[in-house]
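Take a look at this one chain, the form predicted alone, written out in structure tokens.
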Amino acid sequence: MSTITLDDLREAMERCGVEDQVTLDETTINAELEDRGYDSLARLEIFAQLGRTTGVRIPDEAIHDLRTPQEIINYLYGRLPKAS
């Protein structure tokens, strides 16, 4: 996979079971996951799912640095292989 989309992130967030329908738009993309009810275990689950989807491993230590959906997208986007 050479890209990550909001739909990829939305699906990973929905699979961890905190919200039934995740909204990611200009008002929620920069909201802290913790404020939306995603505890550290839920965030680790999101990272694991995105790692399986993208092939990019997000280290457990990143849980403290990647606090919003936008930060997760930016992190992954910068580490995905470039399309040739």
Partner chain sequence: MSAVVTGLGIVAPNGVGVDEYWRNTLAGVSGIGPISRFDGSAYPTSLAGEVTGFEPLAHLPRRLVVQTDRWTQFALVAAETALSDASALPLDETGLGEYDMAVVTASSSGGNEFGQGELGRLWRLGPDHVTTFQSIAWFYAATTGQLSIRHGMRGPCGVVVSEQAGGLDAIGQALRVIRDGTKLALTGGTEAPLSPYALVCLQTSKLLSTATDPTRAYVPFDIDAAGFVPGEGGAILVVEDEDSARARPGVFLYGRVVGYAATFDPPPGSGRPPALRRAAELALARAGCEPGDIDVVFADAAGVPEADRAEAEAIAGLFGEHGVPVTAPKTMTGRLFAGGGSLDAATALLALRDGVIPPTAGVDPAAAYRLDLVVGTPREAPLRTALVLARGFGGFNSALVLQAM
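These numbers come from a predicted model, not from an experiment. Residue numbers count along the first chain shown, from 1.
What comes next is about the form predicted together with its partner chain, which is not displayed.
- Distance criterion of 4.5 Å from any heavy atom to its partner chain in the predicted complex singles out 16 from the list 73, 66, 16, 24.
- Each of 20, 41 and 45 comes within 4.5 Å of its partner chain in the predicted complex, counting any heavy atom.
- Contact annotation: residue 37 falls within 4.5 Å of its partner chain in the predicted complex, judged by heavy atom distances.
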